[in-house]
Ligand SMILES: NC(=O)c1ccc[n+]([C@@H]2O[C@H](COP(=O)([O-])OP(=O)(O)OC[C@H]3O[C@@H](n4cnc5c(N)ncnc54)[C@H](O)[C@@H]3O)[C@@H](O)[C@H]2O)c1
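Encoded as structure tokens, the following chain is the form predicted on its own, with no partner shown.
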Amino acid sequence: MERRIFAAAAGAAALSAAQSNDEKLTTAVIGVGGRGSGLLAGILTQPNVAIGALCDIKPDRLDRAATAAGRDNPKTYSDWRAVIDRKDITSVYIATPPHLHADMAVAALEASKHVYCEKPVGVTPAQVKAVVAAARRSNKVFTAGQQLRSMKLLRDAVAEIQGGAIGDILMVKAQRHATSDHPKDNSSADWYFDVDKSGGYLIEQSVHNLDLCNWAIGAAPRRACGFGATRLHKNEPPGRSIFDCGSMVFDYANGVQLTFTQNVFHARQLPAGGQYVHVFGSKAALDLMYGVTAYPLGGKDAGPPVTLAEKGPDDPHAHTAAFFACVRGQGPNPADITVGATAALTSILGHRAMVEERVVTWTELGVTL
């Protein structure tokens, strides 16, 4: 996959799907837990947008969301299909457990709704393939919840990288380390620790990090290998089927290699924790997630660091604003189906490599983008 594919999200919005800026858009949120309630807060800040419906199977969540959106007096549902059936709903936000994303996204697209689907697009290649096919058939906007794509700092930095600021990209080293496991008493614990529902940490969370790596490299990996395990939190909670750590290597057709590690037991006071994406070029190297400063290669005689992008105030709801701008035909899609599917498939590729303990190729996933 060429760099131009990853620039697709910056292309013009589909005019056939555009709606007037003066027209009030009625949207719905399916899944109003932690992530969904955050999205709801962002939607409520958007001009000329109303919350028409809220859906969740947990009454307490639904009550809190209805109170938060009381301004619009939305109708509440426990069955998401009833939301899709509403003719007045023009767009749908999907923020349910990951294994439900694909079915809901496909149904919404087929019902002529614009769709904002939280990451990952799916937890299996078949799910991702179904969403890709539905999005390509539809003339409606599909945006994946890869929110890093709407951060100005990262957009500016990636543009500099792809413009040659650090030379040819040689390799990338990235990680997502946490100091604790997912809370066992969290309201999402009933699905999170089931790998068939969440996909585990790599697919449910690190899909953000891997998408950023792909974005900087300008390609999708062609194969991956790796190992994963549950080292510390064995059978916590009982029946757990997700790993608590893993190490992977992704190989790209343009010669770049990405090494990626994740764990949920990084001691707080131990250095080099948290998240980073170190990009090594033929002229300089940088940490893409923070800064963003490029450090020239060489020893004592290397040139001074160069700031590629300045960190400034970021709108926490920029991705939602970009989605509605795209729906109105006033801006590019920040993370279209190609971006969302590629991110999901990259994490699925790494997960399968760890589970099967072999080199797994991109073509084995069976999804054409």
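We number the residues from 1 along the sequence you see. It should be emphasised that the depicted structure is a prediction, and the values quoted were computed from it without experimental measurement.
Although it is not shown, the form predicted in complex with this ligand is what the next lines describe.
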_is_contact(Ala95, this ligand) in the predicted bound form, heavy atom dist at most 4.5 Å_ = yes
*Does Trp80 reach this ligand in the predicted bound form if we count a contact as any heavy atom within 4.5 Å?*
yes
*Answer yes if any heavy atom of Leu100 is within 4.5 Å of a heavy atom of this ligand in the predicted bound form; otherwise answer no.*
yes
*Just to confirm, Gly303 within 4.5 Å of this ligand in the predicted bound form by heavy atoms?*
no
*For the three residues Gly33, Gly36 and Ile57, verify that every one has a non-hydrogen atom within 4.5 Å of this ligand in the predicted bound form; reply yes or no.*
yes
_Which is the contacting stretch out of 66 to 74, 310 to 318, 329 to 337, 48 to 56, given heavy atoms within 4.5 Å of this ligand in the predicted bound form?_
48 to 56
_Residue (of Tyr276, Trp191, Tyr295, Phe280) lying close to this ligand in the predicted bound form, criterion heavy atoms within 4.5 Å_ = Trp191
*His208, Lys173, Lys152, His177: which sits within 4.5 Å of this ligand in the predicted bound form by any heavy atom?*
His208
*Residues in 124 to 160 with any heavy atom within 4.5 Å of this ligand in the predicted bound form*: Gly145, Gln147
